[in-house]
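Below sits a lone chain in structure tokens, taken as the form predicted on its own.
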């Protein structure tokens, strides 16, 4: 790779966090607005998450007397940095991963686990009994939903014989299977959508926060900038998880179906690229609606033991059944 390519890659890496934060807050606004409409409420304006972050960063940062200060301050930063780094390894619409060749699907799974661990460490470091219970719940939930997520990821990677997300997103996996494999992929897709609210700690899997039980749980002692950074981490992680589902299951670009004319830049149609970006943003909105907004409006919070059981038994068995169908079709 020459100097110009490295310079361009560095510039994209520097800009990507701002894009991730903006999209995360924007989609968080859409999520809140859509949920309000489904409950026959007006709801907050779409720009409300931006206002919330601004307000939090203007407030005082309070540290509990019994907190482990360096862990208490460091946990929000780790929770935000991990999903921001993950963005560089994900294909975003028509654009291949910026760090292609330097990390793959396994790295993404590790990066997705870091925010949950960071939140648990922050809760434990705060010295609050409510936060301690919330941290324990967060770790239990993380160990529950990671298994069906890993099963789905490994199955799709096995079909491509590669863990490279750039390679996986080149050809939709649905075009590589027959009827039996398609049924298996459908079961895997259902499992991935079930994992989505757990990954994002949304109802019915927000046991770690549980305002009515724990008064905020993990974040009960957080305020000011630290709470604002956690807020940003949650928003960016929503984009990362949604982009991962798109790369694994729906990597289609609209320019694959329609030919766009107009001016070209570096041999690529400008109109086609814009259409692909808009199509990617639309797919991301649909995934957030189906996997987050619709679920948290329709369901109430599970008990922590039932939430863990849901992922360990039904969703794990669903993923394993889907894997068996995909593998058996290849053998037959």
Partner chain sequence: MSDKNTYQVPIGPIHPAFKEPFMVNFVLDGETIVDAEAHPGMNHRGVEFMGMHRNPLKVIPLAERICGICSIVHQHMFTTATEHAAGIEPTERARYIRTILAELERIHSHVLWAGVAAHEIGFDTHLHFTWKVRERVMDLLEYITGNRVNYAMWTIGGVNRDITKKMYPKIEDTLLYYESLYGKLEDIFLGDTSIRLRTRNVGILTEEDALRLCGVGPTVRASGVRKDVRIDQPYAAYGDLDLDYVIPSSFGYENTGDVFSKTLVRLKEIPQSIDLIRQCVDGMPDGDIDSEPRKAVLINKLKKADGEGIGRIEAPRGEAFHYVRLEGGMEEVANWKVRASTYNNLTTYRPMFMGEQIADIPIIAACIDPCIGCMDRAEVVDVRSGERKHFSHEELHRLSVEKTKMLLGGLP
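Positions refer to the first chain, counted from 1. Since we're looking at a predicted model, the values are computed, not measured.
If you look for the form predicted together with its partner chain, you will not find it shown, but the lines that follow are about it.
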Answer range among 40-48, 269-277, 23-31, 57-65 for contact with its partner chain, defined in the predicted bound form as heavy atoms within 4.5 Å: 40-48
Contact flag, residue 69 vs its partner chain in the predicted bound form, heavy atom cut 4.5 Å: no
Close approach of residue 283 to its partner chain in the predicted bound form, 4.5 Å, heavy atom: no
Exercise: residue 213 in contact with its partner chain in the predicted bound form, heavy atom 4.5 Å: yes
is_contact(residue 203, its partner chain) in the predicted bound form, heavy atom dist at most 4.5 Å: yes
In the predicted bound form, the one of 112, 133, 245, 168 near its partner chain [non-hydrogen atom within 4.5 angstroms]: 133
Heavy atom within 4.5 Å of its partner chain in the predicted bound form - qualifying residues of 297-311: 297, 298, 299, 300, 301, 302, 303, 304, 305, 306
